[in-house]
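Next come structure tokens for two forms of one protein chain, structure 1 first, structure 2 second.
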Structure 1
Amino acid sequence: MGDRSESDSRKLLRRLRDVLATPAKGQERLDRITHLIGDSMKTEVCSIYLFRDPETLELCATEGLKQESVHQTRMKLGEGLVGRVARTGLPVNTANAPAEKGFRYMPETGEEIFSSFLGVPIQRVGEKLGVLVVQSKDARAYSEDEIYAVEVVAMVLAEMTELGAFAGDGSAMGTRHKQPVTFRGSTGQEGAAEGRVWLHEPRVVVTNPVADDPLTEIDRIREAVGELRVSVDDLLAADSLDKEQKQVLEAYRMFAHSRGWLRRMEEDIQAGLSAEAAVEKEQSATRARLEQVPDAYLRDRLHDLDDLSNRLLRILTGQGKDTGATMPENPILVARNIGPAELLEYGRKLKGVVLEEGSVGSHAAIVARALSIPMVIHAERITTEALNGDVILVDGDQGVAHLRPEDTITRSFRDKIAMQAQAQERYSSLRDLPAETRDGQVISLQMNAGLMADLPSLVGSGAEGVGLFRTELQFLIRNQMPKRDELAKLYARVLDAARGQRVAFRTLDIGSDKVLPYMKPNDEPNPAMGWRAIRVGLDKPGVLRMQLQALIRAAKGRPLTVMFPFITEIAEFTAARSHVFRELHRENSLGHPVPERIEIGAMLETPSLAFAPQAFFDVVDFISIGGNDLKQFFFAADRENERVRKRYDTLNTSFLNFLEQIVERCKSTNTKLSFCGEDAGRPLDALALAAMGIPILSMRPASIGPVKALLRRVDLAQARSVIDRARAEGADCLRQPLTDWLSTQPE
């Protein structure tokens, strides 16, 4: 850019700043701005379109089009040239707008006489706020300098829209961060909670988008980038980094040391932006470009860019993660994503968690389940909309978060929570009663756990033991491998808290979606079917043996139950079992007490194990069906893929037929059988599993009351006859027949 265009840009931004600084209502400000831009650029039309909802743009101000079209002309995202700019986040520049593909003629605006069209997005860090358009009668394409000038102005408009400078009547000009918003994501952990937002990483607010002294701002940006580069280089020099962490930091360094990145920000400053606004402009522009790239790896670099830009903004503004804000009462954590250790630091202070990313099997979801905290995942864009202290309702059952909800939603939500509380009171009266059906069959209800914090629920929930203790959480929340003595003390405390009730310790289940931060990651095309669980344990016997030693020492002579995850064939089980006997012999020879009785079991998580030789069922002490993984492999439906995960039902006839085969094989050898997974905690599903002959169900503590209440009011033999009759009639799924039958049963 030449000196003239730089001077013109700064002049335009100063005039724009003066307009914004003058007291006026939002509509008046927008009208002045469109006049100012049209006058400065010598174009006959300048229009501002803002989003009235995520899918609809509204013409909010114009200079040159018919005024009666303001707030009347609307278009969908992607519709017309304006909609294309909004959808892609990229400019559209054409000398002959009507000839462009997708052009939409809006007769109420009178724009048919204008041939040239330049539209640029009004966006802030990937958040699309609207479109700024200039048009003229002459059939000409706008120059690069003109495009750049309009982009710079659009950046300032984005910042001022964020700060509420254009608030007025109507949805499109409503005050930002004030309107109710509903985010429909997915269930990470069931439950419901009402509270106030606590942002894990508060947003940086840019209040000074326009600057008068480019030289000072360039000095600021160069100094901040220098500090950023040093910090990234220092991080890369750490000895404790694994391959994946180094790859992420190398991407950081690539961005941080990019001469083009710094040059573009300096050009933005020369045009009149402040250093902070220049960072956000380049962040938004690069985001828009990367979002259009088909390469998934490059799209993933968006996170690196965002993290780096946010670091730079924090250096420039001094707004660190600790802003001095006080955590509100009943805090609901809102974040893009979060690790298990960070989530555990918050602990039970949190009433709920809402994440933009995450997955049902992520470390954070596992911790949320352990803490019984309702969690919603895949709540896209919530971190850009939520502010600290905002009222928020988290419906983990439906995978929905209501931000700043309307009174009617709040009232119905509170009614739901009250009903759940009343139900829990009813369930508490059943705590000491068995889960005995009307026809005298007793089902053992046990709980899943993974943290010491879970163990008080063993008494409070009425669970008859711990059907699954996830030992990997102690490995996941640390930056280095835990020591044997540390684990032995923890496992001993778990057994102490269980007060003689059975605890089934699952050995380290890592791999797939659970990668230890201090283990070398493996780039696998399909990690769920790759090097994971017992496969890692057998290939790294030192870790497996260390854990077995810790478990034996923790027992202090008491009974011990150990089960191995992801056993797919008899050879894996016999190899793992031999390690147990080897460590028992070793501990005995060292003079340490060994368990008075030991059970060694396997988790059946793949169909192959159901067809194992009879010798396997003869030698294994118990089998625990891992429902989440087994269903994934039975239906060939990735449990992390929302598009296919919910298509398949536990009560599908084929799946229940398969479970029946497992039940029969275990009965023939008198092998103890249980079912562990989310489905065991859903009352109707639990009823079906019990009716199919599975005598032990293990679930999260909060589910034991509802499951027990249902089982105690039904005749299990009748439920089985309903299942058998529906199967004989060719039913594909047994959920509806069971639901219909249940509706006829007395409460």
Structure 2
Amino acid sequence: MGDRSESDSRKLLRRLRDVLATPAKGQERLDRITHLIGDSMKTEVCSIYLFRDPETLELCATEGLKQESVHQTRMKLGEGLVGRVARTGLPVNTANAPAEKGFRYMPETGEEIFSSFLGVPIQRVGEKLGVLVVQSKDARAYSEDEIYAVEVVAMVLAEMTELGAFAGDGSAMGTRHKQPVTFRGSTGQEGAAEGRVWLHEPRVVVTNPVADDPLTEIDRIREAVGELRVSVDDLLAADSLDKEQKQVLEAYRMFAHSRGWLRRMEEDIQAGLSAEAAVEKEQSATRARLEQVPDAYLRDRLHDLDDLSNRLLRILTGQGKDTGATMPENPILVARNIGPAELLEYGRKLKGVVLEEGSVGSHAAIVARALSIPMVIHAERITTEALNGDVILVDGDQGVAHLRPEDTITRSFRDKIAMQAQAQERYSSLRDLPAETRDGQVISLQMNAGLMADLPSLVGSGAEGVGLFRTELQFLIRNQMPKRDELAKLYARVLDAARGQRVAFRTLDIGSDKVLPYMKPNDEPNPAMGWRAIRVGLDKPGVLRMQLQALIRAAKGRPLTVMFPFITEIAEFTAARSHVFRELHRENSLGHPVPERIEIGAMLETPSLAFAPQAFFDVVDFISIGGNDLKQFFFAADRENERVRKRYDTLNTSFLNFLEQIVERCKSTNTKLSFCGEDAGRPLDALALAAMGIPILSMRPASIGPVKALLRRVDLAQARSVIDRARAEGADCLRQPLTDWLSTQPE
């Protein structure tokens, strides 16, 4: 950039800052700014378009176009050249605008006489706010320097828009972050909550976009980048990193050491921006460019660069995660993503969680489930929109979050919460009653658990023990392998809380979707059918043995129940079982008390085990059907793949026929049988499972009430005959016949 344009742009920015520093109404400021830009760039037209809603832009100020068109001229995202700039986030520069593809003629503005057009986005870190346009009569393309100068001005406008400098009448000039926005994502955990936003990582606020002294600013940015490089190098030096973390950090390091990045920021500073504004300008530009890239890998890198820019901004502004803000009452956590340990740290304080990313099977979702915190995932762009303290409604059932909702929405939402609370009250009145059907059959309802956070539910839910304790959660939420004594203490606390009720501890079930942060991940083509669960336990028995020792010590002589995950054949079970005996023997010889009784069971999660030889049924103490995995292998439908997951119904006749065979085999061999997949917690599915003869159902604590309420309403033998009749008539799914029958049953 030449010296002249450099000083021009600095001069322009200084004048711009003076306008912004003078008290004035939003409209007046915008008018002055368009005049100022037009004047200093020697263009006939300068216009500012702002978004009035996410799809529509509105002309908010102009120098050179007809004043009557201000607040009248509007265009859709993508429409015309202005709409194109807004949609792509990239500048459009043309000497002959009317000849451009997509040019839209707007007679009300008198635009046809202007031939050249330069439009640049007004955007702040990926948040599109509007478009800044300059136009001239003569047919000339604007120079690189001119484009750059307009971009720098647009950056300052973006910062000031964000700070509410142009707030005024009309939707497009409404103060930022004030309007209601609805985010449609997916369900992470059901439930509804009303509260106020608590940002996991609050946005950095830049209040000084323009700076007078480039030398000082350049010193600041160099120093901050230096600090950033050191911090990334430190992170990389940690030895607990897995391959993936390392790759991400390597990418960070590459960006942090990129000369181009620093050089561009220094140029921005030379043009008159402060160090902070320069970081944001480059962050926005890279985002806009990369958002055009369909490649997932590059998009991930976009996130990396974004993270890095945020770190740099935090170094520059001194605004850490802790901004000194106090957490509001009924906090709803809003974040791009969050790890299970961090979520657990917040604990039950949170009323809800809304994430931009995440997945149903993610560890954060598992924790949210354990804590019964409603959670919405895939709420795109919520971290850009939400501010700390904003009112927010989380509808985990629908996977929707309403930010700054209208009163009507809030009212109907509160009705929904009240209804749920009423139902909850009804369920808690059943807490101490058995799940006894009208015809006198008693089903044992137990709970699934895995975290200390689950323990209060043992008493609160009315569960008759823990049918599945997923021990891997304790491994997943840590940064390093837990120690034996630590685990022994924890398991002992679980047993204490159970007060003599049975707790089925399932040994470590890792692999597949559960990858320990501190273990080398295996690149397997198909991890769900790969080296997981008991397969890992038997091949590398160190951890399994340590866990068994911890369990035996935790029992302190009390009865103990151990369950092995993902057993597919008898040999695996007998091998796992002999590890138990070996450890019992060892603990005994070390003088530790051994459990007075020990039950050793297997999870039936693959069809093969249902066809195991008689000897298996003779030796196993109990079987628990892991319906989540069993269904995925029965139907060959990945449980993590939304597209196929819901395609096959648990009440599909073939699946129930299969369960019936398992029930028969267990009956004939006198083997205790339970079911502990998610389906056990869905009332109608639970009814079908009970009707098929499964006497123990283990589910999330929150499901016990609804399942019990339904079971107590029905005659189980009748439900079974509805199933049998429908099967005999050739129904391929029992959901409808059962639902129809249920609607005829008294409440």
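These numbers come from a predicted model, not from an experiment. Just so we're on the same page, residue numbers count up from 1 along structure 1's sequence. So that the term is clear: the rigid core is the largest set of C-alpha atoms that superpose within 1.5 Å between two forms.
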property: Of structures 1 and 2, the one that is the form predicted in complex with ligand PEP; result: 2
property: Motion between structures 1 and 2 between rigid parts - which of Leu215, Asn670, Ala421, Lys101 is the hinge; result: Ala421
property: Turn angle in ° for the smaller rigid piece between structures 1 and 2; result: 14
property: Backbone CA shift between structures 1 and 2, Ala571, after core fitting (angstrom); result: 8.3
